[in-house]
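Just the one chain here, the form predicted on its own, laid out as structure tokens.
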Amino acid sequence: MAKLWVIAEKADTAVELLAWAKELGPAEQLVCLTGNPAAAAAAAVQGADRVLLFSGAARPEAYVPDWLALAQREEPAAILLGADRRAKEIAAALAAGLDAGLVSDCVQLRQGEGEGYYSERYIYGGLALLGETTTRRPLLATIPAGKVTPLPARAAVAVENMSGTRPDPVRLVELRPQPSVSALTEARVIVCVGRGLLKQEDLRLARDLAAAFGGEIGCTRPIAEERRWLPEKCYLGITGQKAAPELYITLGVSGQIQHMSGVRDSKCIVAVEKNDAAPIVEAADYTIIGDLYEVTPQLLAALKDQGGGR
């Protein structure tokens, strides 16, 4: 049996990746490598057989030489990372250093025939699904968040503090909050508006509905880039934010593939749309055929009668 690695800087990413690794079949060890104590603690109780905590650098990228050297010694069969920009940069550096294959944005990953791994990912802007088997070791794969349930908690394994980390050539001067970062990727509920909304002031309907569910408001690209009713951080789609909320409600969204590719992993999609031939009708789990200006107030009234949507 081979070793399987996950590399993560966030606790939720670490435990999700460990669940993915567990599904790849029997392993000699599930190993989590991280520079974040919180991620190490979470991994120690939710799936990892071994947790390696690296310290001394301001950026996780600085640990890549250490991880490369360790991978060359231990020869893991697969290395899984998240799909954010930083993780993808690290994955590319590791793949180049190990002369290994890299599959980005996997939506499926499992044991293939023999010693290979079978993966699936979307191509052509979400129009097609590409499946391929990789036999080259190690396999590196980046996996978007929110696609698997973490393993149940159990007794913690010891966290190994790794010393002798190479000094980081980059010096951290200051940390500043980034106001452009959207909460959509973390939202449990998202209410999304499209061009079916006639006036900017009518955004209050979507905001009220989102507030009733304790969720966030999003939009299609034209609302942000053409009408500029909402900031660009709010639009979802192939070139915008990608999210996988438990509940995704659309108001006046036609459901073109460019938009749906960013929210295709939503657990439940509810559409309010007056055009029964719109693509969103086929994509949604539930559709209310009607004018959003009539339907949304009725939804809000029903939620109020039920004591809110939480």
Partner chain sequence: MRFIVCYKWTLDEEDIRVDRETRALALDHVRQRISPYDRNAIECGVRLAEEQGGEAVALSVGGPEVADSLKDALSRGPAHAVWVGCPELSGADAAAVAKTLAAAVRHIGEYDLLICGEGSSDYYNQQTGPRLAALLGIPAVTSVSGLTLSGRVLRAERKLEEGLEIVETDLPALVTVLPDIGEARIPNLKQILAAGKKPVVRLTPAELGLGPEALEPRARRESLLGTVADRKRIVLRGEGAVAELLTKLRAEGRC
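Numbering follows the first chain given and starts at 1. This is a predicted model, so every value here is computed, not measured. Between two forms, the rigid core is the largest collection of C-alphas that superpose within 1.5 Å.
We do not show the form predicted together with the partner chain, though everything after this point is about it.
Checklist entry - Though only this chain appears here, would D202 touch the partner chain in the predicted bound form if you measure heavy atom gaps against 4.5 Å? => result Judged by the heavy-atom cut-off of 4.5 Å, D202 is well away from the partner chain in the predicted bound form.
Next on the checklist: So, D105 and the partner chain: in the predicted bound form, are they within 4.5 Å at any heavy atom pair?
Outcome noted: Yes.
Checklist entry - Closest heavy atom of Q72 to the partner chain in the predicted bound form, within 4.5 Å or not? => result Taking the distances in the predicted bound form, the answer for Q72 is no, it never comes within 4.5 Å of the partner chain.
Next on the checklist: Although the partner isn't part of this model, could you tell me whether L247 comes within 4.5 Å of the partner chain in the predicted bound form, counting any heavy atom of the residue?
Outcome noted: Heavy-atom contact with the partner chain at 4.5 Å: present for L247.
Checklist entry - Judged by heavy atoms and a 4.5 Å cut-off, are A11, A183 and R227 together in contact with the partner chain in the predicted bound form? => result Checked in the predicted bound form: no contact with the partner chain for any of the three.
Checklist entry - For 292-306: residues with a non-hydrogen atom within 4.5 angstroms of the partner chain in the predicted bound form? => result Sequence-ordered list: V295, Q298, L299, A302, L303, Q306.
Next on the checklist: With both forms fitted on the core, check whether the Cα of A212 differs by 2 Å or more between the shown form and the other one.
Outcome noted: Shift at A212: 2 Å or more after core fit.
Next on the checklist: Once the core is superposed between the shown form and the other one, does L18 show a C-alpha displacement of at least 2 Å?
Outcome noted: Comparing the forms between the shown form and the other one, which are aligned on their rigid core, L18 does not shift its C-alpha by 2 Å or more.
Checklist entry - Does the distance between the two CA positions of L70 reach 2 Å or more between the shown form and the other one, the core being superposed? => result After core superposition, the displacement of the L70 C-alpha between the shown form and the other one stays below 2 Å, so no.
Checklist entry - Between A87 and E225, do the C-alpha atoms lie closer or farther in the predicted bound form than in the shown form, with a difference of 3 angstroms or more? => result They are closer; the C-alpha distance drops by 3 Å or more in the predicted bound form.
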